[in-house]
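Take a look at this single chain in structure tokens; it is the form predicted alone.
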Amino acid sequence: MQKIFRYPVPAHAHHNPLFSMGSLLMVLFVVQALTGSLMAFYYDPSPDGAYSSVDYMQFILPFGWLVRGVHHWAASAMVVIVVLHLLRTYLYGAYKKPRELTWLVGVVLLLITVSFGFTGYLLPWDQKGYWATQVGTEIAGSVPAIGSALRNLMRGGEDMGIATLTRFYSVHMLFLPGAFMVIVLGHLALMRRHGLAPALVRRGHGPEKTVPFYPTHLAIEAGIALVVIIGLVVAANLVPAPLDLRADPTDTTFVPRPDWYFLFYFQLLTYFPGGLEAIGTVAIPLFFFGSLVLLPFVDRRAERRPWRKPITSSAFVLYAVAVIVLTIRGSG
């Protein structure tokens, strides 16, 4: 037990909040698991009862609005934190040998975190969630060769209905949390085996100073987690979790707007209409995630400083600018 909690943390990591993003992601997952479990006591996963049960939690159940609000804002916080975690890993060159597998596991965590948002969107069975999921499954249906089968697998048939809702609910409540925990345990095991990335610029000579994880570094991480949790409660008070009108499958005039972390992708698809759709739905996402997967095996030089890696740094800036610009245009 002593060995597990008193492992040394390098001084540069102890003083840099970005090195606490992994722990904060796990804290947010626990918050999501707790709030999600509380809502599951009252949630009815059927098209007839889903909206009524969420409406009851939001407006009648004591503190139901708070639990749902914290769950809603923690979902967005998880996306931000997992992106910051990957960003820190990239900036410190922590994807290089021998940490290639650690980086790949982080990319999988990003996909799982975003999948939480996508599968949870439908569960209130309101207009916004229903039609955004309709569009999302249609996007899956545009994949060449396997699109129709993939869309029907997600929906449980040709059209959206009770099979769609129960599948999304099961994936959101069972499969994704299980996958997340397994991946996190593997991520922690790899981190303990290879250690944290060393500082980009060393000051002085000799081995770098370290602090014990418990209690010194743990106190820093607990403080950051406490601030974030308080922020979630404040956000739930100031901006309650949204709930649109009950889903109406016959209202084809409704224009869905996804959560902010999907805006860039929906905006991207507007530039590839008709026969070009597969470029936006398949080619560009495959290129983006493929470049993340291949990064440790392409950038194999020992140099880790971003300003000394013009190609990968330029690609990173290009990706970041593209996502920001598309998000802004999609929110307009």
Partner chain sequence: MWKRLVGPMLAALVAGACGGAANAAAPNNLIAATGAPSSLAGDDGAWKDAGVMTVKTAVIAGSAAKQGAEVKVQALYSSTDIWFRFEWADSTQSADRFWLYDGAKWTSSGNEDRLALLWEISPLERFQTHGCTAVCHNPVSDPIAKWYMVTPGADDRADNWQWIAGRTNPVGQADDKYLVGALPDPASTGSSFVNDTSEKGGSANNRTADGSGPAKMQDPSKPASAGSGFLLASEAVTIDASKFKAGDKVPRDLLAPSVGSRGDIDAKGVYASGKWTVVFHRKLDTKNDDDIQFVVGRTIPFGLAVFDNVSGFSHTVAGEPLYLRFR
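Numbering follows the first chain given and starts at 1. Note that the structure is predicted; figures quoted are calculated from it, not measured.
Below, we refer to the form predicted in complex with its partner chain, which is not included among the displayed structures.
Against its partner chain in the model of the complex, the set Leu34, Glu277 and Phe289 makes no contact: no member has a heavy atom within 4.5 Å. Interface residue remark: Gln127 is counted as part of the site for its partner chain in the model of the complex, having a heavy atom within 4.5 Å. In the model of the complex, its partner chain sits within 4.5 Å of a heavy atom belonging to Asp248. When its partner chain is considered in the model of the complex, Ile60 lines it closely, a heavy atom lying within 4.5 Å. Contact annotation for Glu303: none of its heavy atoms lies within 4.5 Å of its partner chain in the model of the complex. Heavy atoms within 4.5 Å of its partner chain in the model of the complex are found in exactly one of 79-87, 145-153, 223-231, 163-171, that being 79-87. With the partner omitted from this view, the residue of Leu91, Ile183, Leu101, Val135 that lies near its partner chain in the model of the complex is Leu91 [heavy atom within 4.5 Å]. The partner is not shown here, but in the model of the complex the stretch 289-320 reaches within 4.5 angstroms of its partner chain through a heavy atom at Pro306, Trp307, Phe316, Ala320.
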